[in-house]
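Coming up is one lone chain in structure tokens, specifically the form predicted on its own.
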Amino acid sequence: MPIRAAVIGTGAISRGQHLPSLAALGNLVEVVAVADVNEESARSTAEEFGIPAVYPDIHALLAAEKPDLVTLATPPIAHKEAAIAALDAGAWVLSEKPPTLSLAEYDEIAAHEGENGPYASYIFQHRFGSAAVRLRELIANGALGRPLVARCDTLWYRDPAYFAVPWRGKWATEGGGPTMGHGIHQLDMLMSLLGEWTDVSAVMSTLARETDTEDVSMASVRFASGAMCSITNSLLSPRETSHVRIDFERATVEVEHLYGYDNSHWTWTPAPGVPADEAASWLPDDDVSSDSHTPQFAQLVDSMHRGERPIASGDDGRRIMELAAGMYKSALKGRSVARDELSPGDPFYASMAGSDPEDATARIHAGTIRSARPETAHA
């Protein structure tokens, strides 16, 4: 029996990624319905993809169709309510990024998961390209030695018209700026490679766009392994690029692309003294790109059949939310932030803007945020 899937939201990401990725799974999945508040968009999408049913909202869809899987291709503000409704109806969830607007919302969704499913997971497709998969294997078996120094840059360009969409660039509807909505893909891949982070120091500003949140952020992150990483997220960079570089004891491995990579975007540089035949053995055998959601959709369907928690869910999906919260807290408090600070009761657990979004906007706009002090102090 194929998995009965439904897609919530019929905008560009749905038509460009969710529905083609589900179709690529063939007989494993049957898309039974779509829902969107825009009836015209929903009906035209259903017609284009041969989907039999259209609904105005997720609640009507769940009641009528009882799907096994719900994918969320909606703005961030809609993720929490839809994910909880789907889980309560017994459906697994795969949601667009950012997962939610806050750590509190993430944990609220998780509380509706079952012990053996259904689970909520989140789309971070850069983990699934073959080069990243191979690099994780090499890190796990120690072939490259310890990770030491890293860079993670998401340097994109969004013109002023981009922010005219009502929900963009607002704490209440997008959760944050490029730290949340753009650099999050690269950061998630980085953490899937380097593991747990311990503390972060960050600065942010709004330099050129009409937005309540930042349009650029920079940070220094320390990982539990001892590795250190610099991070830049920008929406002001005319020559756009996405770049991750990790210097290990025995190699430098880096990828540079824009919105998706294949093996040709990766460079593997062995340290002096590493035999050429050994360095050649590091390269991946397959060439699976990261510019499609299909590999992650396939992994989710396999997890559903096995009754296992999928990748990028639970604690594995939560790390990126913790790091984003840590970056916002560090920038707005002007000091280094330890990961263990971000627990219930902390203002940045409840909101990326802390307890006062208007003050957060004013501080970022006024340029009053300065370099974080190296010590860690608890607020």
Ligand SMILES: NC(=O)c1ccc[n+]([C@@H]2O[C@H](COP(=O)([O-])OP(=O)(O)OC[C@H]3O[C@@H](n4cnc5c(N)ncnc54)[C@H](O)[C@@H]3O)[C@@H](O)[C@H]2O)c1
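One-based numbering along the sequence shown. Keep in mind it's a predicted model, so treat the numbers as computed, not measured.
One more form of this protein should be noted, the form predicted in complex with this ligand, which is absent from this view; the next part is about it.
**Student:** Could you check which residue among R168, R134, K80, H257 gets a heavy atom within 4.5 Å of this ligand in the model of the complex?
**Tutor:** Looking at R168, R134, K80, H257 one by one, just R168 meets the 4.5 Å heavy-atom criterion.
**Student:** Considering Q125, S217, S102, T213, which brings a non-hydrogen atom within 4.5 Å of this ligand in the model of the complex?
**Tutor:** Selected option: Q125.
**Student:** Just one stretch in 232 to 240, 113 to 121, 269 to 277, 69 to 77 has heavy atoms within 4.5 Å of this ligand in the model of the complex, so which one is it?
**Tutor:** Partner-contacting stretch among the options: 69 to 77.
**Student:** Let me test this: is every residue among I8, I13 and D36 within 4.5 Å of this ligand in the model of the complex, going by heavy atom positions?
**Tutor:** Per the other structure, all of I8, I13 and D36 touch this ligand.
**Student:** Flag P98 as yes or no: does it have a non-hydrogen atom within 4.5 angstroms of any non-hydrogen atom of this ligand in the model of the complex?
**Tutor:** Looking in the model of the complex, residue contacts with this ligand include P98, since a heavy atom lies within 4.5 Å.
**Student:** Using a 4.5 angstroms cut-off on non-hydrogen atoms, would S44 count as touching this ligand in the model of the complex?
**Tutor:** No, S44 is distant from the partner.
**Student:** With the cut-off set at 4.5 Å between non-hydrogen atoms, does H185 touch this ligand in the model of the complex?
**Tutor:** Answer yes; at least one heavy atom of H185 falls within 4.5 Å of this ligand in the model of the complex.
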